[in-house]
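The chain below stands alone and is given in structure tokens; this is the form predicted alone.
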């Protein structure tokens, strides 16, 4: 009897979890052996992490147990960390052992990009996981408590957000909403608190619509956020940051959202990449590897005009769908289909009841944009877990 081909999916992020769910729905019995590998036993919603990081939502609302999303009778789940990818041997080395594969899907997610800024890796926080946002929230609360013991040291109340892309802007908005609550809790004069968003580019949300950018800046300034634009961070120390123009800002809280790179394991495996990301063709495969697919933050997929698509959750989900289809096509000896992204809209939240974005090519702002952001979140939950998951997360948030 012919042995079923082995499909190994590395990473349960947006692309990996969607690919696994699609495969378990479409593959016939014994048509393939699918294994999903992830370092945690849960999938987390990256685009939601800025809220628990600021303390405006519970971390539990940003994660879903893998076992709630996949059928363990159809997809094997291995909780372990990938340490090495051996392409020639078609083997994945894990902390807990080894896995062989016939087809490999790499969706390991990205890593913080420091751009060589001295001290950033050691002294800044990153919004990259459930554990990291718990740490950020606890750290900020501790700074308010420490300030009460050292009221002459205002650096405890100076909060630096490095980077003004989507994550930086969304986090700054949520943080501004949280400050009044923290000030009341710790009996702190709110005028002593500073939120400073620093961006090397001359504007926030680089490349976004200027009209919407202006709206975002006005909203965040009204909430008390300061901006320092067009000036890179040169060094990050334990108690201050140094800017490229020589300015120093005393602060004990630096949350870096200034960029991500692909996973280091890809370059170590021998793939040619740029900042850890590997260029893939229209089938989402790297050159010279017909049995490998690379998705999400680990891949570079070029648009018709030669520019890379941004590694957004929306695109990662679509990649997961196409890769599942192409894996089944390979197994069945059928033709694969090319990946053609469909951008339905982009929305950035600015805190409670405020957001900006494009939805089906229309500009939206304010409460309506915030509603569209929520609808997008609900749609994703429905895709991976159905109505039950949407209701459970909505009710949990309402109770919290």
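Residue numbers count along the first chain shown, from 1. Since the structure is predicted, the reported quantities are computational estimates derived from the model, not experimental observations.
One more form of this protein exists, namely the form predicted in complex with a further copy of the same chain; it is left out here, but the text below deals with it.
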**Report entry** Heavy atom of residue 302 within 4.5 Å of a further copy of the same chain in the predicted bound form
**Finding:** no
Query raised in the report: Do residue 132 and a further copy of the same chain share at least one heavy atom pair within 4.5 Å in the predicted bound form?
Result: yes
Query raised in the report: residue 63: heavy atom within 4.5 Å of a further copy of the same chain in the predicted bound form?
Result: yes
Query - is_contact(residue 287, a further copy of the same chain) in the predicted bound form, heavy atom dist at most 4.5 Å - result: no
Requested in this report: Among 136-144, 81-89, 248-256, 190-198, mark the stretch whose residues have heavy atoms within 4.5 Å of a further copy of the same chain in the predicted bound form.
Outcome: 136-144
Query raised in the report: Within 4.5 Å of a further copy of the same chain in the predicted bound form, heavy atoms considered, which of 275, 148, 118, 222?
Result: 148
Requested in this report: Could you spot which one of 154, 185, 96, 100 gets a heavy atom to within 4.5 Å of a further copy of the same chain in the predicted bound form?
Outcome: 185
